[in-house]
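Below sits a lone chain in C-alpha cells, taken as the form predicted alone.
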C-alpha cells in the first residue's frame, strides 16, 4: 500500500536551540514542508530581535533544506507597533500563550488573562493567530478540562480571533471544538496512540512522558474519531519535544516525546489501520492551509507499508535523543520525497 502526501505540515514543533537544533531540525525538514516553531527557549523568543535571530539560527541548521519554519512569539503584553513589526518578518505565524509554569520553559508565561486582553484585542484586529497551551495548575489528569472555560471566555470575548487549542488530549476538548467557529485544535501522534497506562501502567517509560499527559482510553478514542473523520478544524501538530537522554532517564524526568523522525510513518499506519487514508491529507496539510491561508513549499512525500528499523537514538553535535518507537521494526516508512 502507498500513500502520497502533498506539502505535509507540522503545526506544533519544538526544535530547541544550539546543538540540539542542529540535530533535530533537519529531521523535520526531511519529511515536512513547513512547521510552526515553538518559542519557549531560555530566554523565550519574546521580541522582534529574538524572533529574527532564532529564525536565522534555524535556517543555518537546515542547510538549505526545502522547508519553511513558521515562527511564533512567546506571549506577553505587546503593543500594536510590536505586533505589526513581527508581521513584517518573513515566516511569522502567531503568538503562543503559556500559562505560567505549566510546562517546559514556561515560567515567564501568562498569570492573568484579564491583564493581557489589550494584546488579545490587538491580535484580533491584526488577524494574528493565538496558540494556547491549555492547562491549569490542578490535578494532572484534570488540567486540560479545568482550562476549557478559559477557551470559552476567549472565544466569546474575541470572536474574530483565531484560537488554536494546542495538543488537545480529552473528549471534552473535542466537544468544545464544535461550539465555536473561531476555535481549532492540534492533535499529536502520541496522543492518538497512547493512554496514561502506556506511560506508567507497567514499568515507567520516561520517553513517553509528556505534558499534557496522555489520558484515558475514551479520550484517545475521541481524538481518533476527530482526526480519522476529517474534522475540518483539527490539524496535525507533533509537539515533538526532544530532550537529551540524560534529562529523560533521570529523577525529575523532562516532559516531551520526540516523534519528528517517525511522525508521518506513524500517522500512515494509524490511518491505514482504520481505513481512513482518504482523510490523512486534510489532517496533515489541507485543514491548516485553509484555516490560515498558508501556501507551504511544494513537496510530495510518498509513504509505503515497507518496514523500517527505527534507530534506538539519534546522535550528533554532542547530543543524543531517543525517538518514539525507538528500536522497533516499524511497518511503514517514507520511501520517497519529491521537491
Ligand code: NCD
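Computed from a predicted model, the values in this text were never measured in an experiment. Residue numbers count along the first chain shown, from 1.
Although not depicted, the form predicted together with this ligand is the subject of the following passage.
- Think of it this way: in the model of the complex, this ligand has a heavy atom of just one of 255, 150, 85, 125 within 4.5 Å, and the residue is 255.
- Between the options 241, 165, 235, 189, the residue in contact with this ligand in the model of the complex by a heavy atom within 4.5 angstroms is 241.
- This ligand in the model of the complex is approached by residue 40, whose closest heavy atom lies within 4.5 angstroms of it.
- Residue contact with this ligand in the model of the complex: residue 211 places a heavy atom within 4.5 Å of it.
- Although the partner is absent here, residue 103 lies within 4.5 Å of this ligand in the model of the complex, judged by heavy atoms.
- Although the partner is absent here, residue 133 lies within 4.5 Å of this ligand in the model of the complex, judged by heavy atoms.
- Annotated contact segment (heavy atom within 4.5 Å of this ligand in the model of the complex): 103 to 111, selected among 195 to 203, 103 to 111, 85 to 93, 265 to 273.
- For the partner-free chain shown, 12, 14, 16 of 10 to 26 come within 4.5 angstroms of this ligand in the model of the complex, judged by any non-hydrogen atom.
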